[in-house]
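This document starts with one chain, in the form predicted alone, laid out as structure tokens.
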Amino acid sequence: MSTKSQFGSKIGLIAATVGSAIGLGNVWRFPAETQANGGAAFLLLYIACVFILGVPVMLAEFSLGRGGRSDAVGVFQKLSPGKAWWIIGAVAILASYLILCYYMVVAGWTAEYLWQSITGNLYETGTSLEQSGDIGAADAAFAARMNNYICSDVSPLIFTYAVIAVNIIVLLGGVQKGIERLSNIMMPLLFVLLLALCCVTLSLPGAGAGLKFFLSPDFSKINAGTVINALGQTFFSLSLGMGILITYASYYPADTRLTRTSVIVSLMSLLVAVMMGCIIFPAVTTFGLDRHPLEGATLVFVTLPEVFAQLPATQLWSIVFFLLLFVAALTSTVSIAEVSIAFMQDRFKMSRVKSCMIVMLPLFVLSSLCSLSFGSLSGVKIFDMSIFDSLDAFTTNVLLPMVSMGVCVYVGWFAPKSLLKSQITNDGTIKSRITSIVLVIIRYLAPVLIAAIMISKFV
């Protein structure tokens, strides 16, 4: 791969990789999983899973990407020519593209709520109901607003198309002028917004009770299901199995320290998750909104707008939060799309512009189907699920674990023997004591745990 397809700085490299890992999994999936699995006990398990399993699997993907210097398919063809291992990369590309189809819709929802927060329309009825003390009516008002919006046809499509257009503009800029430049702006902004929201919610009168639930572990809550959920959250929040880390690592300069990079990315992802916990649990406890389970879309589009409606400067904090959410969604969609674009460039020797258009333009149709599956296409079912939900279930429960399993088996047993060690030590120029540990984990422990995740989804 030519030098023009490398990240231009270490800060940009870290920002882009962190941006690819941090997404809605950290923002709405983590708080919901934490509440459902015993609070701090789940948090500690999750932290352990990130470093015991997440970092080694991430290192395996990084080693493949930089060692093969190609797309998710090309790395296997270069490292093991004539073998069928490239199928792992092909499944990763398929998974990432299917995820992109419905992720654009969710990103469109965040853009719509950001716009509604800016105009003030989001709180036309909810604020007055909250201020009157009728929490139940406000809850119903915000839930109805979310349902009416998601189940409509026109408005979600407009914002989905807008998000796709923004992605195209960024991706046409290439690795340095597009992805890296976006990440250098968006990642610091994301952390500033998170810090601002933390300061607000931690100053609320009920913050102590929320933090106690979040940070005081109850180990009696830990069972096999809790462990499986922590493992699943690890893979989801670090973007493992999507081909993103393989693709981005192919843009890493030769002197990049992969172990340090994997630890920094994991710590940043954990930091975002913990900060979201510090935002959400004090807020929902203070205003009595912990009476319902915290669930993905409901948490973001119903529960948190209720919280903002009870705060001074409601509109300001709503804008800050949905801007934060949009930043997380945008950096994720860009990184997911890059997997397929890199494949088109490397496999078919296409220009950047042509590759972008071939990958992105079909999304105007495919993402429309996902969006309309809540509206006029709601009657179309795949295994009794909507188009949107079926894609989500298939990719999350089947394809991503398959790819992660394949990467571990390949790197652990069948890749060139020198691959992992040479990549972790930068061809012997730096010392590393963890190579043998990482190898044991990806050979034995990781495949067993990934298999447990897959089996748990179907039992």
Ligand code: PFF
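Since the model is a prediction, treat every value here as computed from it, not as a measurement. Quick note: we count residues from 1 along the sequence shown, nothing fancier.
The following text describes the form predicted together with this ligand, which does not appear among the structures shown.
- Within 4.5 Å of some heavy atom of this ligand in the model of the complex lies at least one heavy atom of Asn26.
- Tyr123 falls outside the set of residues with a heavy atom inside 4.5 Å of this ligand in the model of the complex.
- When contacts are judged by a 4.5 Å heavy atom cut-off, Ile280 does not count as touching this ligand in the model of the complex.
- Contact check for Val359: no non-hydrogen atom falls within 4.5 Å of this ligand in the model of the complex.
- Only one of 220-228, 237-245, 315-323, 366-374 lies within 4.5 Å of this ligand in the model of the complex by heavy atoms, and it is 237-245.
- With the partner removed from view, the residue among Phe308, Tyr103, Tyr113, Phe142 that has a non-hydrogen atom within 4.5 Å of this ligand in the model of the complex turns out to be Tyr103.
- Of the residues Ser183, Thr333, Ser340, Thr201, just one reaches this ligand in the model of the complex with a heavy atom at 4.5 Å or closer; this is Thr333.
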